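Below, in C-alpha cells: the form predicted on its own, a single chain.
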C-alpha cells in the first residue's frame, strides 16, 4: 500500500534543519503501523509527507500504486481527498458546524454533494449516534476526536493517518479511540499509520517504525497478525 524510498526533508532557513535524512520502508495493505521515537525524531514530519500535507526535499512515495510526488497540485488534492484520511492531534473541527456537518464536509469537497447518509452511519460506528446535531464546544475531547475519525473515513480512504490522536485525551478517552482504530483495522481491514509517543500503544499495532534523529532506527514486529 505504501512504499517510501530515501525520503528526505530539510527545512530551509539561515541554518537548514534536516528533519528526515533518508528513510525507506514499506507498509502492506491492512497493516496497523505505529511511528514512534523521541520528540524531534521526525515522526510528525514523516506523517505530513505521507499524508501529502507537505512536500519532501527528495525521495519517492508510492501510495496505492501511485507516484504521488509526481502529481500536479490539483491531482494531489483530489488524491488526498479520495484516497487518504487524516486525524489530527487537535481534532481540527469547524466550530460553526455540528458533528454531522463536520463529517460530511469532505464528501462535499470531493463529490460536489454531501454524503449525509454515510456521515450518519460513521457517527453511529464511532458511538456518537446521539450527537449528530452537537457542535464541537458541546462535545468532550474524546467525542471530538471520534467525530474527526468519522470525518477522516467519509470518502472511504485507502490509508488512515493519525498524528498523536490521543495526546490531548484522558486515559479513558484514549483507550476508546485506540480500540476504535483496532476495530477499524480488524473488522474493515483499514490500513492505519499512527504517530504516538506512548509505548503501551504498541499492543494495538502490527509493527512499529522507530525513528531517531530523522532516520529509521529499527522496525519492530509486535506479533499481532493481520
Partner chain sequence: MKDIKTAIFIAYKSLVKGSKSTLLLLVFILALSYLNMMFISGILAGLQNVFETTMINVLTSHITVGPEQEPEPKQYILNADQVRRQIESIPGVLATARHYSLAGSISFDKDKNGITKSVSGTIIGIDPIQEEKVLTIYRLLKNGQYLSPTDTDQIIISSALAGGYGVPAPSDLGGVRAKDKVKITYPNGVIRTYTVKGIYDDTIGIFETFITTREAESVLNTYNSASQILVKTDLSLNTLNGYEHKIKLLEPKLKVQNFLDILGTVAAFLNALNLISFIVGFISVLVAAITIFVLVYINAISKARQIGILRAIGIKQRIVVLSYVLQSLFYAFCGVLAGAFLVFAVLTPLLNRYPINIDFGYLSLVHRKMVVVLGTISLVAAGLLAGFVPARIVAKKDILKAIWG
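Computed from a predicted structure; not experimentally measured. Numbering follows the first chain given and starts at 1.
This protein has a second form, the form predicted together with its partner chain, left out of what is shown; the following refers to that one.
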Contact between residue 74 and its partner chain in the model of the complex at 4.5 Å, heavy atoms?
yes
With a 4.5 Å heavy atom cut-off, would you call residue 54 a contact of its partner chain in the model of the complex?
yes
Counting only non-hydrogen atoms and a 4.5 angstroms cut-off, does residue 146 reach its partner chain in the model of the complex?
no
Is residue 106 close to its partner chain in the model of the complex, meaning a heavy atom pair under 4.5 Å apart or at it?
yes
Counting only non-hydrogen atoms and a 4.5 Å cut-off, give the residues of 80-95 close to its partner chain in the model of the complex.
80, 81, 88, 90, 92, 93, 94, 95
